[in-house]
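Two versions of one and the same chain are coming, encoded as structure tokens; call them structure 1 and structure 2.
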Structure 1
Amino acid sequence: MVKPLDLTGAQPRRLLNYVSGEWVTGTGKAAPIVHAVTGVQFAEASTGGIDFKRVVEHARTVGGPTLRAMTFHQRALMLKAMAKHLMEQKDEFYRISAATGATKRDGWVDIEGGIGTLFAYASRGRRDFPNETYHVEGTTEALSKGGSFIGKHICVPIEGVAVHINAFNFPVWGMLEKLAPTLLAGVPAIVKPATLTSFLTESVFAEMVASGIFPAGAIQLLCGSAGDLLDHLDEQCAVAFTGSAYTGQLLKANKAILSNNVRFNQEADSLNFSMLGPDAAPGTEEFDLFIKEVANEMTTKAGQKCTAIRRTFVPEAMVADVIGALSKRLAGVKIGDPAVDGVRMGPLAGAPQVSEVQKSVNRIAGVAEHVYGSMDDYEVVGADRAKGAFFPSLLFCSKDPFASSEPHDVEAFGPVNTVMPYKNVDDAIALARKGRGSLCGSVFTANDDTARKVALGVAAYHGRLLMANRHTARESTGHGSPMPQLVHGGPGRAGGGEEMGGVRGVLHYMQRTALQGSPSTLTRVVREYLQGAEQKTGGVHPFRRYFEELEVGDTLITGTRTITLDDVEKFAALSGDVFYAHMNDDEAKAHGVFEKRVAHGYFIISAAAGLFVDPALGPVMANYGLENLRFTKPVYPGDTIKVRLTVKQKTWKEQLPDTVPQGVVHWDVEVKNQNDESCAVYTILTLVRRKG
């Protein structure tokens, strides 16, 4: 077992690596790990002596096959169990998190935000994916006139390993937001956190391993250098990297990555903007929300967020107001030891970060006016300013933001921001684009036309855009929060990658394959009835069969019913729907769509149900929905209809408390007329009882 860390430095220890199913101590020289607040070394990290080829092999031969044999729903339940387990251990994670310089609130984003992402994928895995080992994507593609040759796309897990190289700023969320979609896809992962804060990752990882919830080989951990790990990746592997553009470029250019065409997803630098709308003058709710958000984004995690606001666009007439309001707000943010009551901003993650940020600040200061904050004169509460990695909030103003590139190019990864005036919305859009690709932007305006203009103007340069106003104030998750439902990433400088976004993030770890064949063959392969496939008729009525007894392709062909004018009249009277097309021959012809009075579409699907239901109490519990209904040919009084009802798809449903065992059955329905012409096609969703 992994020993809990002593953060005082009294008992420093070497962090462990988890490789090939064992906790391993790296040999040789180690990197020191230092407490961000006290500056005391309490740990060190090394991957010396590790055989990286073997690590890759372990994932490939042990983790991969087990994960691939599980269905999406099984993998999703595994993520849920892990999320629950980690949530129970969170106090320990918060304790360790303090040594990264994180306040309780910073830690919440990292720890509970990360666990929340596991929960989110656990739930989407069961909602958006089938209970199969593969995912069927998109519509059926007609490839021939006669319908005997069709196409369908499936996605299957890649069969190598996913290498996750994470940034130092979110040691927990950074790991879990990558692990959730990867494991849901059925792909094992090797986690390589940034060494600086890898001690927190180790503590969470230790709990994951101890829980025994993930199968052997599913996850491995490297605390320290990645050595020659990437050299062992092949065409079935993927890399997800979060970090500096400089490192990212080096990794992308790795020979194995290039020559094996290894998938490489990157999230790098980003000069995110926030814009105050021309309407959002001082005194408006939007102005106040904007000031709050900018200050918050500057100081949360001491500005060490890839998504933090770095550039602040303000109508030129409001620049003084904004600087005044921001300065006031920043002045209220206590800096110090996060353990001390009232401290709102902790130190940076370590001394190396202080000098990095200082370098960037110097470049910005060379072209922009320094309007708030001081490197020399700021108070630190409850800690020794000289020993901790503290950094004050600094505000700059670039009077002519089109004239100098630094505020658009230099990412000072700390509590630093540059205010820039703009003349009109087009100007602001042009400024946003000078970031050359960002993770996110935001605009504060109560004018939805301004919001639309900004959205369409900056979208090509941004992965996410928040449009904030008084109506979102209560529930907005804010400018800087990536959400599991939405894509996270951005073009160009931001790395050109994309993570999460629900299903999309899972597909990054899967291979999409186009399948071609006959409807019957494809039905057998994907286990979903496709138009034109063989049908199995006969035997007991499908409504008399339990979930387990129904098979994809099982079909009922009903008797016939001739639709009469009297039916139409009665249906109009009962429903109240006396639309002219059903009631009057001349009017029905008016637009050239119908030849005469036509039966109500609603009546046709009702009469179809009358033909196909088996009425007696049986396993079919309820019809809870209907999809993709198209009325393909009018049914006129005198026409005779019959119905085909075919089991299209079966989805086993997890048993919830106080419910009977059940599954979802999708039925493919087709209503035809006396000339065998299709009049209506649709899918019905029903709940069907399971035997056990």
Structure 2
Amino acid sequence: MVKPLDLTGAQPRRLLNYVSGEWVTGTGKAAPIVHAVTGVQFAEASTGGIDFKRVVEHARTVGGPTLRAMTFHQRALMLKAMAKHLMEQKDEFYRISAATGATKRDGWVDIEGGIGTLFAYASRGRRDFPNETYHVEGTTEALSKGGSFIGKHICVPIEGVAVHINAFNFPVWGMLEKLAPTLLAGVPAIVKPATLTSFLTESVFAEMVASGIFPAGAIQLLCGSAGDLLDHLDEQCAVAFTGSAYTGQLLKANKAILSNNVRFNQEADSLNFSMLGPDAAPGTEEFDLFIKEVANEMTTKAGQKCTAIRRTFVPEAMVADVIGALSKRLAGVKIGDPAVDGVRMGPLAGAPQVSEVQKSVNRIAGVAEHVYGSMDDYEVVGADRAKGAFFPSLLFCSKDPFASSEPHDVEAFGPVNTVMPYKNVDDAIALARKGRGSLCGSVFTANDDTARKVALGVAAYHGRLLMANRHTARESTGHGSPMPQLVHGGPGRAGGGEEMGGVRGVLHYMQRTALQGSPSTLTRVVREYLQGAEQKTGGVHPFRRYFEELEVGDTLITGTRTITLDDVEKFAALSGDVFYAHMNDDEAKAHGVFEKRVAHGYFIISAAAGLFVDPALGPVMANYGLENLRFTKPVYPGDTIKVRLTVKQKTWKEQLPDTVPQGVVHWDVEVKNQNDESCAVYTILTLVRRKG
């Protein structure tokens, strides 16, 4: 059992590592961990004595097989259960988070933002993936003229381990945003947080282990040095790194990573920009939103965010207005102990960060004018400035941003920003590109043409772009908030990697394999009916069968129905669809698409339903949806149609309280005419009752 931390330093303890199913104390020399506000040491961290090869093998042989045996839906429900459990323990996490220098708002982004990512992937896992241990991707590829030889892509979990190396600034979110897609993919993970704030990671990790929700070997924790961990990775492994570009390059150069072609996702330094549009003059809503967002990005987490705004682009005529408005807003931000009412910005995470930020500030100050803030004269509320890791908000102005490279190259990872004037939108785009690859950028404008020009001009250099205006203000998550549904990462100096992004984040931990064979063979392999595969006809009508009784390939060939002119006119009257192609022969032929009046496509699929539906009460409960509808050949009055209805795929649904046990059946539907020509193809989804 992991003991709660005493943040006063009265009883400092060594952080624990969770490896091979046990909590162990690292031996030998340890790195001291101090309170960011008080400067008091209350913990230390070490991984001395740990057999890193054994750690990797434990994940590979214990955690991996268990996770891979679970379906996506089971893994998604596991994430959901963990998210609920962690939310119940969040008060303790907030208590520990205070020692990182985080305000309550900062802690919310880190703690509840991280837990929210688990919830998000739990939802995506059940919505976007099948209730199988693998994922079938994309369309079927025809590889032969006769259709007897086809191709299909399948994605399966890699069979190694994912190593997550996280940065100090988000010890909870950084861990959970990587764990969510990794575990959903079915891959075990070894978490290596930054030592500086690993004490908060340990607290959350301890609750994950204590819950018993994740299977043995699924997760392991290293609080301290990673030692020779990377040396034991092979071609089935992956590394996700967040940190400095310099450290990332060292890790990527590891011999085992290079020789085994280990997947390496990197999120590194980023000099993100925010641009005030030429139309967003003082007094406009966009101007006010811009000032608020830039100041917020400077002071949230004391500017210790990989997505924070470092470069602020402003029309030349508005520079003085922007500096004045920003200075006024920053002056209202109280710096100090986050436990004190009214404090909106805490310290940096530790003394080492103060030194690093100061070095970067010195380089920027050498080429830019210092326009707000003082290193020597700033107030700290409720704490001793000399003991804590406090740093003031600083604003610079680079009057000729094309003349010097430092503001575009040097990232001061704290509450520091540089204002840069631009002459026109093309200038602003050129400035954005000088960052040589960023995680995100933003433009505040009410002119959608400006937003389009900026987006297309800088997209190649950015992982994410926010186009903000008065219409998004109420619901926008802001410039610096990565979302689980969207890619988090960026090109060039930002690392070139991608995290999250919904399905994309999960597939990073899976192997995509092309399968080739006959439709029947591939149908059997992937458990999804593919065109041309063998069909099983006869027996009880498929709508009379329970979910468990239906098998992929079960097929109903219906009787026929001749479509009449009266049918077309009655459907037009009933639906109100009197489009000329359905109502007049000459007009229908006018464009050379149809030979004469044509039946409504939606009438054809309605008539098809009349052919295949069994009307009596049975296990089929409701139509759940219709997908991928295409009308492949016109149906004219006088044509005769018939339908093939085939079980394409089955998806078990989680049973909620007070509901009937059920599953979703995907039916492959094809409507043909009297010449056996395909007229319409689509997939129908129905809710079908389970026996259970």
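Structure 1 provides the reference sequence; residues are numbered from 1 along it. Values in this document were obtained by computation on a predicted structure and should not be read as measured data. Take the two forms, find the largest set of C-alpha atoms that superpose within 1.5 Å, and that set is the rigid core.
Student: Of the two forms I pasted, which one is the form predicted together with another copy of the chain: 1 or 2?
Tutor: Looking at both, the form predicted together with another copy of the chain is number 1.
Student: Quick one: once the rigid core is lined up, does L143 have its C-alpha move by 2 Å or more between the two structures?
Tutor: After core superposition, the C-alpha of L143 moves less than 2 Å between the two structures.
Student: Would you say whether D376 is displaced between the two structures, judging by a C-alpha shift of 2 Å or more on the superposed rigid core?
Tutor: No, shifts by less than 2 Å.
Student: Honestly, after the rigid core fit, is F579 moving at least 2 Å at Cα between the two structures?
Tutor: Yes, F579 moves 2 Å or more.
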